[in-house]
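Before any questions on binding or motion, here is one chain by itself as structure tokens, the form predicted alone.
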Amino acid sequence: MKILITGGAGFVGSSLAIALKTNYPSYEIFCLDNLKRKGSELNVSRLTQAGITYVHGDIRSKEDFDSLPAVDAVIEASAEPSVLAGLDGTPDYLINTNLFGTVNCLNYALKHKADFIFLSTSRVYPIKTIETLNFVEEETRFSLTDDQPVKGVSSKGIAEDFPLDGARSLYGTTKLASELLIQEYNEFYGLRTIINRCGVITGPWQMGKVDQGVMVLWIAKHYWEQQLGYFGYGGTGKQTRDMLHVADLYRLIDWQLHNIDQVNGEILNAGGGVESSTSLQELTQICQEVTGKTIPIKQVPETRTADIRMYITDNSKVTRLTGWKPEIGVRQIVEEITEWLDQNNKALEPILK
């Protein structure tokens, strides 16, 4: 099999590429990336050492696809992934990458009759609707209840039939628009496609920032003993997310690559679920225990733009259709990332500290 992974030097793309090459040494894997994100340059040597072909290119440029060979499958893992992207009044890069870039990827896949696996986001679900959901405030977190004002949500989390009316951030909108185009290519061009709406993806080699990659950021701040803050929702740190280890995501993508007929045209939520969820307050406790360090955490009651109180993925559909469910919990994720920081301290300090 020949596979193109866009965003291939990013955290998710490179992790998927290396796992695929490790498990299927005979596969030819090509990773396309423009290296815009700080730290992605570190992955080029990792890809090369694994026997993967790195191609410097940009999905915004149709011409950059012309030199690529024919492949059997495209994994579209490229994106400007920040929820805050474009909110400073300049959404051009965001839209050109996340929407028009996807069109270029689709046309390339169509040209070679390649299967198309798209990594979308839970951020396609509207902010205001999520913020009006019924919840209980527990000692260390916010939790969803079963009694809800809209369909597609329960104490297990948010499902694929959650209402899509309303604003969701420019980032979420570009991903949803891409989803709609993908469905058109599936229906009218016969392209085999699968859309995965991922929750928070994390793991070693993620270059975490405040607006994307918060798990790594949180651990790194403990590791280097720097200040953090509980922002919004009263400054209590009870806002909650589910965490999906990239190795668990890989198991799903691996299954989809080899069984796409069974899920062709589907949209699937894929996240850590309730079992692998944490509030910031709970994450802080785990970080203290794993790193052995306690750091100052300021409390800022005001809620920030585009933030949400909680998001948990309901994996019921993807588990029913594929048998997949996440296996790696929050504590193991913290332990693995801490070990990665130990092993790559000098290279990562200028990026993460």
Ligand SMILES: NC(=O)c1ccc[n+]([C@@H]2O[C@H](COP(=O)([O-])OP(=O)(O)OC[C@H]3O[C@@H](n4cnc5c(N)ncnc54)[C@H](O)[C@@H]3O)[C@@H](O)[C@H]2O)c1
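Note that residue numbering follows the sequence shown and begins at 1. Bear in mind the structure is a predicted one, so any value in this text is a computation, not a measurement.
Keep in mind that the form predicted in complex with this ligand is not shown, yet the notes after this line are about it.
Looking at 157, 237, 199, 172, which is the one with a non-hydrogen atom within 4.5 Å of this ligand in the predicted complex? Only one option qualifies, and that one is 199.
Selected contact from 73, 79, 144, 195, since only one has a non-hydrogen atom within 4.5 angstroms of this ligand in the predicted complex: Selected option: 79.
Does any heavy atom of residue 9 come within 4.5 Å of a heavy atom of this ligand in the predicted complex? Because a heavy atom of residue 9 falls inside 4.5 Å of this ligand in the predicted complex, the answer is yes.
Though only this chain appears here, would residue 279 touch this ligand in the predicted complex if you measure heavy atom gaps against 4.5 Å? Residue 279 lies outside the contact set for this ligand.
Would residue 290 count as touching this ligand in the predicted complex under a 4.5 Å heavy atom rule? Although this ligand is absent here, residue 290 would stay clear of it in the predicted complex, with no heavy atoms inside 4.5 Å.
Indicate whether residue 58 is a 4.5 Å heavy atom neighbour of this ligand in the predicted complex. Although this ligand is absent here, residue 58 would touch it in the predicted complex, with heavy atoms inside 4.5 Å.
Heavy atoms within 4.5 Å of this ligand in the predicted complex: which stretch in 280 to 288, 305 to 313, 320 to 328, 34 to 42 meets that? Flagged stretch: 34 to 42.
Do any residues of 108 to 145 have a non-hydrogen atom within 4.5 angstroms of this ligand in the predicted complex? If so, which ones, in sequence order? If the 4.5 Å heavy-atom criterion is applied to this ligand in the predicted complex, 108 to 145 yields 119, 120, 121.
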